[in-house]
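A single chain comes next, written as structure tokens; it is the form predicted on its own.
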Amino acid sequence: MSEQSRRPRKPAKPYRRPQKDPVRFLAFEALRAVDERDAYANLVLPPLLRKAREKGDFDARDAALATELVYGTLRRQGTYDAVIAACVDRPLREVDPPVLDVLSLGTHQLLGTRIPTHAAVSSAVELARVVLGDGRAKFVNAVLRKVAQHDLDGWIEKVAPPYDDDPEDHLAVVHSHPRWVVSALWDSLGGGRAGIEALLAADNERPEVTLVARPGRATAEELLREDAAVPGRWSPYAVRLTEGGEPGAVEAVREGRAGVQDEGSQLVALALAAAPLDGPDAKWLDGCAGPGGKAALLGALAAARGATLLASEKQPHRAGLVAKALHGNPGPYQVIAADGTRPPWRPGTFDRVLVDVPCTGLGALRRRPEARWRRRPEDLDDFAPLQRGLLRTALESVRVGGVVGYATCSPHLAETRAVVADVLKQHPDTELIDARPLLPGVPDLGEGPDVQLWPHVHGTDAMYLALIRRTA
């Protein structure tokens, strides 16, 4: 018997069960919901966080980290996909989606946070052991160790084409937007490289929570007494919560006297309410009212003038959200479920009409980062007939001398100026109103008469507004 065969074998290491990290596990659950059910993170994440807090698993720091992991991973998905693709020996489409979600979470920890390299890799591998099994955890470990060899700037230099060779593809990789979205936003924005870089970078920043004090029910001064609250930039009813302020902790929000509403949406409602009219000002319509933020503000503004608001929403469950938002309004209002392209009201009924039409949502990519990966250029063709139909009906619904506001949370020219131009060709009895003077103090509103807001310029979603007066 040889010397080697007589040596006792080292005992095998005892198997260690994987330890479930509640923060990473919750982030993974949220990403799977986004992938599998086409859910939106801003709808999926809050109930998951609430459940974790109720179980005692989470404190405020845990919730903040989980939120950053989910939103950061979704915002940077395009960049991280390019990095991961450079570290695996197969096309990404052949990597199982749950494995890719774990890899993306780990890559974000390595390249997008201050988590130390060892902790980022080990926590991702432990998560893989819990949700994927030990075999695939080894694959995750090998890939992330390759990712850890460079920082984000180093990887971008490797995976992004040079700007001079292909500007749009370079920006798409660097700023994690689909190429067609980069092209569309650049066309809408105009100008050179600096502006589009600033816009794309703003889309990847975590937006502050903005509240609206509903007139007659709450004031901005009341909301400013909250911790980490600062005034809005442009709207007199806006208050921003900094440092991760929680709107659910604000009494006025819990009571419905205030709400969460981007300042761009507030400005749209305020501009319509301030537009000059010829004749009476008693009947207002919100023709696409769901989920109710603008309707609640318009209803309060209408009540202050003795006017009545009709809020119409096609989907019954969204009409229910509108009714909830308007509950307690100081003046008269009505909420109905109706198709805005085939309305039950008579033509020429209203003095002011708002149609915030369904769209691609490219103006709210800060809040819904996953939307950039779901939308396709052909979606524009799907929305186009509805947008034009809603604007035509709105113009027919307003009386002569009344005003229509056409709004959308997209800066894409096909959803903004093209829609307005096409419909107004069919309605020579209308004229555009210059909306810029109706937004006092708001800078850089362009040449008019319509208005396009921008995240990197105004700190708002990229809301578009055209005001149209019926003249005959």
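Worth saying up front: this structure is predicted, and the values here are computed from it rather than measured. Heads up: residue numbers just count along the shown sequence, starting at 1.
The next section is about a form of this same protein that is not shown, the form predicted in complex with a small molecule.
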{"item": "Options 168-176, 95-103, 189-197, 311-319; stretch whose heavy atom lies within 4.5 Å of the small molecule in the model of the complex", "value": "311-319"}
{"item": "Of Ala86, Leu386, Leu277, Ala201, the one that lies within 4.5 Å of the small molecule in the model of the complex (heavy atoms)", "value": "Leu386"}
{"item": "Selected contact from Gly232, Pro215, Gly78, Pro291, since only one has a non-hydrogen atom within 4.5 angstroms of the small molecule in the model of the complex", "value": "Pro291"}
{"item": "Any non-hydrogen atom of Leu326 within 4.5 angstroms of the small molecule in the model of the complex", "value": "no"}
{"item": "The small molecule contact at Gly287 in the model of the complex, heavy atom, 4.5 Å", "value": "yes"}
{"item": "Distance check, Gly402 to the small molecule in the model of the complex, heavy atom within 4.5 Å", "value": "no"}
{"item": "Asp339, heavy atom within 4.5 angstroms of the small molecule in the model of the complex", "value": "yes"}
